[in-house]
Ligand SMILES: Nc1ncnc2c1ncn2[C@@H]1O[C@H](COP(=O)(O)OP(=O)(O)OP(=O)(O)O)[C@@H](O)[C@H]1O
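In structure tokens, one chain follows: the form predicted alone.
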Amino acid sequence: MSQNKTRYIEIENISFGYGKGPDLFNNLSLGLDKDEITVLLGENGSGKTTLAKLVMGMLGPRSGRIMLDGVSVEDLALGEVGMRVGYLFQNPDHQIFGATLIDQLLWSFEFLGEDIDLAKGKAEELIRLFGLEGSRDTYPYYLSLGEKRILALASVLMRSPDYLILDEPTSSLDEERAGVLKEVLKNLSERGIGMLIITHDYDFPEGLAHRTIVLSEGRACNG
């Protein structure tokens, strides 16, 4: 790729630590493109989820800045970031609100006062795509952890984001659903949606990742 190409997400010399603790990152820089899938690896505690939350504006760096499509994340409301970057939490319970699967998928449209009739077809399509038809009228908290994770991802995809950050997307998924997920992500990538996939599953990114980054001791290195 061109050295001069503007990255969709630019992490520029950020430092961050929790409370009065030491810096988890010190002058960390990383660029993420819309036309590639980046896989982020690292030991527990290396800061993978923290980095995702910094990009989403849920946390703020002590120094440095994060740019999203040329605009500082610091200058954007959380909702504005969320409309551009879909974030799948490591714990799907943190983003499930509906009484049924359909309610869950339409929740953001109702919350924002948008026309849900146009969204219903997409919701039904995602339910079929991820094999959730048998649970469509189930209270989401009664789903298995793997089903909750898929439902949370479907909710993110309902908003048609430009970029995805997926934190351990295959955790608790059986082999069949992980395979479906992989094909969905390939299709999204072909449509120009960039991704940062945080994972401990070293097999899942095979044939999917364009680039692998390893976080270690506050630094991002090519894997």
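Residue indices: 1-based, along the sequence shown. A quick note: this is a predicted structure, and the numbers were derived from the prediction, not measured.
Keep in mind the form predicted together with this ligand is missing from the figure; the text below concerns it.
- Query: 26, 50, 189, 171: which sits within 4.5 Å of this ligand in the predicted bound form by any heavy atom?
  - Reply: Answer to the contact question: 50.
- Task: Mark residue 90 yes when one of its heavy atoms lies within 4.5 Å of a heavy atom of this ligand in the predicted bound form, and no otherwise.
- Result: Yes - in the predicted bound form, heavy atoms of residue 90 and this ligand come within 4.5 Å of each other.
- Find out whether any non-hydrogen atom of residue 202 is located within 4.5 angstroms of this ligand in the predicted bound form, and reply yes or no. Residue-level check for residue 202: no, no contact with this ligand.
- Query: Would residue 35 count as touching this ligand in the predicted bound form under a 4.5 Å heavy atom rule?
  - Reply: Outside the cut-off, so no.
- Determine whether any heavy atom of residue 70 comes within 4.5 Å of a heavy atom of this ligand in the predicted bound form, and answer yes or no. Result no; residue 70 lies far from this ligand in the predicted bound form.
- Message: Looking at 189 to 197, 171 to 179, 27 to 35, 40 to 48, which stretch has residues with any non-hydrogen atom within 4.5 Å of this ligand in the predicted bound form?
- Response: Looking at the partner contacts, the answer comes out as 40 to 48.
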